[in-house]
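Single chain ahead, written as structure tokens, the form predicted alone.
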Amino acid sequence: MKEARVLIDCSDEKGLVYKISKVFYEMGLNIDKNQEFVDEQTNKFFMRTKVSGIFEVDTLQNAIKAVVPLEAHVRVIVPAKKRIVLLATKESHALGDILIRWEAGELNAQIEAVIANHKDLKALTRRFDIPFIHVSTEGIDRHEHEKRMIEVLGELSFDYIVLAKYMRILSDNFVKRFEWKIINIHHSFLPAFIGANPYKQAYERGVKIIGATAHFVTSDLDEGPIISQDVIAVNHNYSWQDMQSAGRDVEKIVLSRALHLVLNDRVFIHQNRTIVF
């Protein structure tokens, strides 16, 4: 007896849920949980089902493919800890929160390594007995640094790269090499502020909302499909330092939530959106 997560996305057509459920029934599988959604604007069908029973992954996957449209993307995933690599710079709040959740057993992942372009977070990482790899930026341009990063990543086995406040812009070449495998967290302000010290800029504009956004990384800076977001209210009593502290708390929560969703196969990417079950 084992469990599987069955993920299906395809063009919508009449009777899909019936046909897929019939496959599970005929194979003697129990449907433990089922969720589906149809994007009516694009006529796209999404389904995530948890099943249990006795089965072979390839047999189940082929049986489903036989009853859904030809272009369907079908994945049968037996739950297991996914492997992640964390990229960091100097800020410790996002990295520290992930490491603590991992040690407490709250993160359904195996952390393969922390890679950083500064040594500031080496001691923090080593406390958790996780490899820390320093890839310095000193004396080299971005192209050479990314080349060295790709070489290091090439020696590791992983499912996702998590940018735990990795404060460097990634090139198109880097992003495309690891397409849909990079997850980022950044602040979210209304209006948005970019550049140095966004919290000070926000304070000077009197913002009333601080938030954070976790998303997949694409070639368009900070515009990839959004996985999770949250906001908190602030007021005139907050200094920019208070805003920064509050913002970091939101970033930690949002990144943790996004990782939980991705690591448990709850996220479908559709165009520049996500469908989250």
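Quick caveat: nothing in here was measured; it's all calculated off a predicted structure. Throughout, rigid core stands for the largest set of C-alpha atoms superposing within 1.5 Å between the two forms. So that there is no doubt, residue numbering starts at 1 and follows the sequence shown.
The form predicted together with another copy of the chain exists for this protein as well; it is not shown, and the discussion that follows is about that form.
For the candidate set R148, R177, R168, R205, a heavy atom within 4.5 Å of another copy of the chain in the predicted bound form is found for exactly one residue, namely R205. In terms of contact with another copy of the chain in the predicted bound form, the residue from I227, I64, V51, V217 that brings a heavy atom within 4.5 Å is I227.
Just one listed stretch, out of 125-133, 69-77, 154-162, 169-177, contacts another copy of the chain in the predicted bound form at the 4.5 Å heavy atom level, and that stretch is 125-133. At least one heavy atom of E223 is located within 4.5 Å of another copy of the chain in the predicted bound form. Interface residue remark: I140 is not counted as part of the site for another copy of the chain in the predicted bound form, having no heavy atom within 4.5 Å.
Though the partner is left out of this view, V231 does reach within 4.5 Å of another copy of the chain in the predicted bound form, counting heavy atoms only.
Proximity of V17 to another copy of the chain in the predicted bound form: non-hydrogen atoms within 4.5 Å are present. Along 140-167, no residue reaches a heavy atom to within 4.5 Å of another copy of the chain in the predicted bound form.
With the core held fixed between the shown form and the other one, N237 has its Cα displaced by at least 2 Å.
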